[in-house]
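Encoded as structure tokens, the following chain is the form predicted alone, with no partner shown.
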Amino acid sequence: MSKTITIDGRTIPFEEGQTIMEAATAAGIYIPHLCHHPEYTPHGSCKLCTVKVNGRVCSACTFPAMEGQDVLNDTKELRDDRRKITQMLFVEGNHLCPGCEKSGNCRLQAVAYYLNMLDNHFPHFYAKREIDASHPDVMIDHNRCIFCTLCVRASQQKDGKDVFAISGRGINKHLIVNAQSGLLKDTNLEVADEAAHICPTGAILIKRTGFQVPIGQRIYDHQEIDQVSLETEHPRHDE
């Protein structure tokens, strides 16, 4: 007999070792997230996937599915909390969507639309962050980094390298590269590396490819992020 959990009153099966996120995705239930990727070790940094499990607040991407769990995912309280988290991500960096090359392909922007985020609510930090364009093929715009660690995990777990890391805490947190100079050009990053392409925002960009797909014809211009996440990023197990 298969094991089951309940999400918002719906009973779904899960496999031993799956997280709540994995079980939900396999059942076609979207849980908002930014730092989660099915190919990499869960990190739980963005907290957008926060759910309530038997009354306890948990990160769905890291918390294991277990028999008897009653999970709340789609409630007003959680939607409000996720909207506030997204608003904080916007004001902690410098996200100028109308002029950003990633607009329409940006998961942070798409999540904001999904959560009906109509304003930033909090005062902007206007953080002073640099742009590293030293690499011949890849650039880093630190203004748009949300510290999801996807580039860190992709570099280590997929590319077999160790190009990126997160340093510092709080307002001093920042993305660093594995080079004594601190410059991307002095790392072993290559344009074909997964770490160069996995950024959910416009923090890591490939040079000489900007706006090849016009704004208005990009993935989130036509589809909600829940549909994209379930159908393309994380296919269901029964497909």
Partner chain sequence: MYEHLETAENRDNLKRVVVDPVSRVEGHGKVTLLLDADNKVQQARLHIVEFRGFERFIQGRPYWELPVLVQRLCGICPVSHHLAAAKAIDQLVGVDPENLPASADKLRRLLHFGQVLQSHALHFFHLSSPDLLFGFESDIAKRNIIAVLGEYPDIGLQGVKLRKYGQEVIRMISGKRIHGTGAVAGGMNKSLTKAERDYLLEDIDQMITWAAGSVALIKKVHCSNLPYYDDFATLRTNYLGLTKPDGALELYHGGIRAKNDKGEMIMDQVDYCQYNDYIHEEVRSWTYMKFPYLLSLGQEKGWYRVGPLARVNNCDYINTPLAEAARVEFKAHSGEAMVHSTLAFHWTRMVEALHCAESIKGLLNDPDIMGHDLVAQGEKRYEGVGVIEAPRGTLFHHYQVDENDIVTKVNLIVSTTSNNMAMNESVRQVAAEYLSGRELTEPLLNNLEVAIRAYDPCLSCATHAVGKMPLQLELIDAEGKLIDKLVKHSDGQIERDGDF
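This structure is a prediction, so every number in the text was calculated from the model and none was measured. The term rigid core refers to the maximal set of C-alpha atoms that superpose within 1.5 Å between the two forms. Positions refer to the first chain, counted from 1.
Keep in mind that the form predicted together with its partner chain is missing from the display, and what follows is about it.
For a residue to qualify, one of its non-hydrogen atoms must sit within 4.5 Å of its partner chain in the model of the complex; none of 83, 89 and 117 qualifies. Checked against its partner chain in the model of the complex, the candidates 56, 197, 173, 207 yield a single residue with a heavy atom inside 4.5 Å, and that residue is 207.
Per the 4.5 Å heavy atom criterion, its partner chain in the model of the complex is contacted by stretch 94 to 102, the sole one of 150 to 158, 67 to 75, 163 to 171, 94 to 102. Among heavy atoms of residue 144, some come within 4.5 Å of its partner chain in the model of the complex. Looking at residue 28, you'd find every heavy atom of it more than 4.5 angstroms from its partner chain in the model of the complex. Although the partner is absent here, residue 127 lies well away from its partner chain in the model of the complex, with no heavy atom inside 4.5 Å. The shortest heavy atom separation between residue 38 and its partner chain in the model of the complex exceeds 4.5 Å.
Contacts of stretch 156 to 172 with its partner chain in the model of the complex, defined by any heavy atom lying within 4.5 Å, are made by none of its residues. Once the cores line up, the CA of residue 217 ends up 2 angstroms or more apart between the shown form and the other one.
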